[in-house]
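Alright, here's a single protein chain in two forms, structure 1 and structure 2, each given by itself as structure tokens.
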Structure 1
Amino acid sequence: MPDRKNTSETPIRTAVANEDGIDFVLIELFFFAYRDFTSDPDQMLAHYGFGRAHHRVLHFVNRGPGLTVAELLDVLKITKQSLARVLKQLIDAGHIVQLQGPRDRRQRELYPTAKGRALALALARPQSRRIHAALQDTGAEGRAFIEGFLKAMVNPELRAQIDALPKAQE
């Protein structure tokens, strides 16, 4: 195997760290944390022939039953063509049902079935367990910081959407 280039591209041998005050530690931690956060449901979904996109749809339909297709697209920030396949599979598998909108009959309201509710809970369980364990490691008084931090990481325009979802006390 020959060396791929000899166009005198000089290799840099020093590790980048803290340059321009860039927070590489948190950047990496966020990557690793999210990867492992999604790994448990990913494994479960594989048994159903579903992927991460199915999980997200199932999650938000369970969190806000009666959601219209347009509202779901707005939350997920994907195109309707992307949603279509995933949603169709969830409907065909009996996890989600569509009802014609009562006010506007063009709309399709999305509801979970008992099966869809059960799957959503099963997928959320290991994620919640992981979060709970991490909070205990950190100290329970850290929760407010963590919630505040994550919310502050979200684009300001979108925070309204988050507040529109059901809260813990409901």
Structure 2
Amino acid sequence: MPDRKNTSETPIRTAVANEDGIDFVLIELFFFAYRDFTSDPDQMLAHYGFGRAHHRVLHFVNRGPGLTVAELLDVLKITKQSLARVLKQLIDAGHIVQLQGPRDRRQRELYPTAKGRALALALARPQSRRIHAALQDTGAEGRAFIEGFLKAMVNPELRAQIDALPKAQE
């Protein structure tokens, strides 16, 4: 039985709230939104034995065919070892191909295959439907505000990565 006089082991029975101006409501909304945003792709990926890291790699390779391994590492902020494992699985499954760089033979460029493109689109469709449903009532101004808000959540020195992504076709 723990010593009740030792306050480090005494259970706290009230929820933390409004501590130092922490916005718990928005933090929790991000958790729940992310949980639901990733739920459909997670179920699809499980059929392949893949996880969220595979999804991220597929997404960015499909958005930027020819992306180098170094550029992908910079976007994902993961270790070479983590990427190597995930990339090997995606290559072995026929979703991505890796080619030597035309100027620097040490560089490895990544391209989706038709199979990889189809999977990336299948994963993005339910996420896109969820986003469109959530944006229905906001209008163009609401969308612009949300895009600005989400971009502002990214570290300022990394926002150029967002600007480098292909823009939507009008």
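In this text, all values refer to a predicted model and were calculated from it rather than measured experimentally. For the two forms, the rigid core is made up of the largest set of C-alpha atoms that agree within 1.5 Å on superposition. For numbering, take structure 1's sequence and count from 1.
- Of the two forms shown, structure 2 is the one predicted alone, while structure 1 is not.
- The rigid-core alignment places the CA of residue 157 less than 2 Å apart between structure 1 and structure 2.
- Superposed on the core, the two forms differ at residue 21: its CA moves 2 Å or more between structure 1 and structure 2.
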